[in-house]
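Starting off, we have a lone chain in the form predicted alone, written out as structure tokens.
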């Protein structure tokens, strides 16, 4: 397969125009760190955006960052960390989950996948922090959406569509993101030994409290029993329910005391300091207990989004009926499920249960043969699917970009 290494945004436009003329589908990549997610693509060439790695502008005082879509995420995080700032939505690094090395990918991949971490329950996802973008459509035309201020949108907010589109709508070349001050302090409150249903009740109470909880996760005992879980030294063989508080030190201490008292009916509460807390939440963010080199590495992994109130019952039932393992984030609204191998990754069971709970399920990790036989993304209802096709056609009428990545069975 040809690899088209572009130098700048003008090259991207020319490459897309040439692909249109030849009716040649393109696979869009930055570092390729997420290529193992999605259906097998029908592409004749790879459009490599890694050269679009410049920091166009960074204004720490204005909380604004403009970078090329191919900028390495690790480098950008290091840059904003030097100014004591961060991306509030905690972009997930799926490298350990997928077994793809240590590369966290690019800014464009971060936005195209839209995978956010535990703080999403408080600060929203990637799409809520993308202010503007330059991109090339499937018509071979460069367009700009958004800008450099928060309240700048009239008409359609195309940034929201580009985030989470997995590169199927347009090729982003430059993006402007909102950054936020890094919290001065963080503290994690821990309840031990709760079952899944009790844990969801405790997390719901904490998130509904006035104490500004920025993370709520539950790790059943089964995912903590292995030394490669990323939770070494935290657990004592019992399940952990984690609640994170962030802010200035005095506020964190005060809120931690108040929340501890408010949760007294849910069990005894203890706490972790900043260093232990940061490592723990990184492991939750990146689903380290299900890492490809770990105890659950041979099992397919599902990502289920559902109403938090239904999360405990859904996860508990899936684990009991399959012998699998679960991890809860977003107060039970996001469930990671590792299931023992099956020809279809138990897709009918997982999706049937997720739909019954008002949610949807995505097969985030599986061998290519299994992904070829199973819908990776949750099948859409007919009305939504028709709307999705119209949006796709409006951006990319000849289906040039990442053909087949989100829909099984798409052919050139």
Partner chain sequence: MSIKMPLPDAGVLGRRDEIVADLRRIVPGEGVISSAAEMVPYESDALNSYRQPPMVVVLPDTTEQVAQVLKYCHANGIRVVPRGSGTSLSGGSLPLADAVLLGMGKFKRIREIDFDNRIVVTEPGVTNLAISQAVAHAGFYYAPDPSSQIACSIGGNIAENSGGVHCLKYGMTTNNVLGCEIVLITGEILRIGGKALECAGYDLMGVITGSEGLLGVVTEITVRILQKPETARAVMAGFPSVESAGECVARIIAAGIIPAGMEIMDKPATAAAEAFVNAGYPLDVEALLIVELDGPKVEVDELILRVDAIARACGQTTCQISNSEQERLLFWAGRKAAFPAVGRISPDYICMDGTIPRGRLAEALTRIRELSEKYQLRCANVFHAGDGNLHPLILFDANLPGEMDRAEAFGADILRTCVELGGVLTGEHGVGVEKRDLMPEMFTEIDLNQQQRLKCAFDSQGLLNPGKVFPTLHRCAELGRVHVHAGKLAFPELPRF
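Positions refer to the first chain, counted from 1. If you're wondering where the values come from, they're calculated on a predicted model, not measured in any experiment.
We do not show the form predicted in complex with its partner chain, though everything after this point is about it.
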Exercise. In terms of non-hydrogen atoms within 4.5 angstroms, which of the given stretches 200-208, 337-345, 278-286, 74-82 touches its partner chain in the predicted bound form?
Worked result: 200-208
Problem set entry | Listed residue that, although its partner chain is not shown, lies within 4.5 Å of it in the predicted bound form (heavy atoms), from 141, 321, 236, 102 | 141
Seminar exercise, completed: Checking 146, 300, 91, 294 against its partner chain in the predicted bound form, the residue with a non-hydrogen atom inside 4.5 angstroms turns out to be 146
Exercise. Taking the shortest heavy atom distance, is residue 35 within 4.5 Å of its partner chain in the predicted bound form?
Worked result: no
Exercise. Is there any non-hydrogen atom of residue 384 lying within 4.5 Å of its partner chain in the predicted bound form?
Worked result: yes
Exercise. Counting only non-hydrogen atoms and a 4.5 angstroms cut-off, does residue 63 reach its partner chain in the predicted bound form?
Worked result: yes
Exercise. Could you tell me if residue 128 has a non-hydrogen atom within 4.5 Å of its partner chain in the predicted bound form?
Worked result: yes
Problem set entry | Output flag, 219, 225 and 367 jointly within 4.5 Å of its partner chain in the predicted bound form, heavy atom basis | no
Seminar exercise, completed: Residues in 381-405 that come within 4.5 Å of its partner chain in the predicted bound form by at least one heavy atom, in order, are 381, 383, 384, 387, 388, 390, 391, 392, 394, 395, 397, 398
